[in-house]
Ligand code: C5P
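Single chain ahead, written as C-alpha cells, the form predicted alone.
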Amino acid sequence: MLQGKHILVGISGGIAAYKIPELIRSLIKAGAEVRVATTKNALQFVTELTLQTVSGSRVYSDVFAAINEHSTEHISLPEWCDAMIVAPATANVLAKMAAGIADDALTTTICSCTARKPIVVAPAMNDKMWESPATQQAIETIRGWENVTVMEPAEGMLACGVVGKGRMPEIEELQEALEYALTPKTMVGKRVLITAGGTQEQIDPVRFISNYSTGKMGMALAQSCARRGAEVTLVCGNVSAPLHNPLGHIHRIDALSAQAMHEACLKAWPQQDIAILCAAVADFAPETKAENKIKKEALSVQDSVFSLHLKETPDIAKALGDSKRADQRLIGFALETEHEKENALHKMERKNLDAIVLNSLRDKGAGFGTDTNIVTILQADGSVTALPLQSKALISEEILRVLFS
C-alpha cells in the first residue's frame, strides 16, 4: 500500500519524537520514500543527524537555513509528498494548526499541505494538556477538515510518570493510519461482516479440537475494508495475528466456538451489506463437554484407544446464504487439498454464495500460518481470477478490488 509513495513526516517538540526514526524505517521498509520537517524543539529529543541518516534525506528544520534545497521548502515538500503525518503533534502545534499560524519550518509546511494532501495527526502530550479546553477546541476544528485524519492518543504511562491518556499511538498504528489516509474511500457507508481465525471445540476445561488457522487473512481483510471507509464487524475465533484498528472502524467480537461464531454472525447479518467468511470453522465438535479435566486413569480404554463422540457444528455460510437478501453479498473461503476447483464451486452453489476464494495446502506459501497466500477468486457469474503468490495484506486488497470495485 505504501510502495512508491512519498511520505512527509512532521515532528514537533514532544518526548515521543525519539520514536520517529523507527516509524521512518518502517515506512521505508514498506517501500515509501520519506522526507522530514521538524520544529527546532523537536531536535532536542531526536538529532537531525539521526533523522537524516534513517530517512536518507536532508531534514527541513529552519525556514531560513542556507542549506535548504529550495528557497520555499514549505511549498516544495507538500508538492512532493503524497501524504503527511505529524507525529508527535504537541498541544502547541495543534493550536497553531487550528488557528492557521505558520511561524516555523513545520507549521509553514503543515499550512501549505492541509489544502492539498492527506494529513494524519497523532497527538501526544501530558493528559492534563490533552484535556485542556483549548486543545479540545483545536482538535474539534482540525477534525472538521476533510483531508485530515486525527488519531486518538493512547492511554498508558506518560513521561511525567502518571498513567493517563496522551501517549502517541504505536508505530504500527501510525502506519495503518497513513494507509487509511491514502486509500480511496470506495466502501463508505458499507457495513461488512468478517470472520477470522480457527474455532476451538472444547473437550474439557483444558483441551479442545482446533486447526492451524492464525486469522492473518481475516485480519488483513478487516483492515483493508476499514481503510476504504467501511464499518467492519469482525467475529474472531482463535487468532494470533495482531489487529491494528487506530481509527476504531473495526468492531471486534470474540467467538471461540463454532456455535458462538454462528450465533454472533446470525445476529449481525441482518444489518450488514457484505459478509466475508474467512474463519476456519470446525465441522465437528464433541457431543458433550466434560465439566472437569478428564483423567487418563478414569477413562474406559481398550487397546490404548480412547473414543470421542462428535457432532456436526452449525453451518454458518449456509445459514447466512439461506437468509441472504437481494441487496446483500456473501463471500466464502475454501481451503482444499484435492479437486480444489470442483469442491469450491460445489460449496459456492450449495451455500448460495456470490463468490468463493479458493486456496490449496498444496501451494507452497499458501494456507495456514503464512504471511503469504495464493488464491483463485471464483464468482457465481462464472468469472475466475487467479492471484499470484503475495502477502496476505496485498491479497486482501486484490480481493476487494476484484469483488467490489
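We number the residues from 1 along the sequence you see. The structure presented is a predicted model; accordingly, all values stated were derived computationally and were not measured.
A second form of this protein, the form predicted together with the named molecule, is not displayed here; the remarks below concern that form.
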* Asked: When you measure heavy atoms, are Leu182, Arg227 and Leu247 every one within 4.5 angstroms of the named molecule in the predicted bound form?
  -> no
TL;DR on 102 to 110, 216 to 224, 169 to 177, 328 to 336: the one with heavy atoms within 4.5 Å of the named molecule in the predicted bound form is 328 to 336
Partner-free chain; cross-checking the named molecule in the predicted bound form, the single residue of Asp204, Glu155, Asp283, Glu79 with a heavy atom within 4.5 Å is Asp283
Picking from Met125, Leu277, Ile85, Leu234, the single residue whose non-hydrogen atoms come within 4.5 angstroms of the named molecule in the predicted bound form is Leu277
- Task: Report whether the minimum heavy atom distance between Asp254 and the named molecule in the predicted bound form is within 4.5 Å.
- Result: no
Note to self: Taking the named molecule as it sits in the predicted bound form, is Ile316 near enough to touch it, meaning that at least one heavy atom pair lies within 4.5 angstroms?
What the structure shows: yes
message = With the partner left out here, check for me: in the predicted bound form, does some heavy atom of Lys341 sit within 4.5 Å of the named molecule?
response = no
I'd like to know whether Arg350 contacts the named molecule in the predicted bound form, with contact meaning heavy atoms within 4.5 angstroms. yes
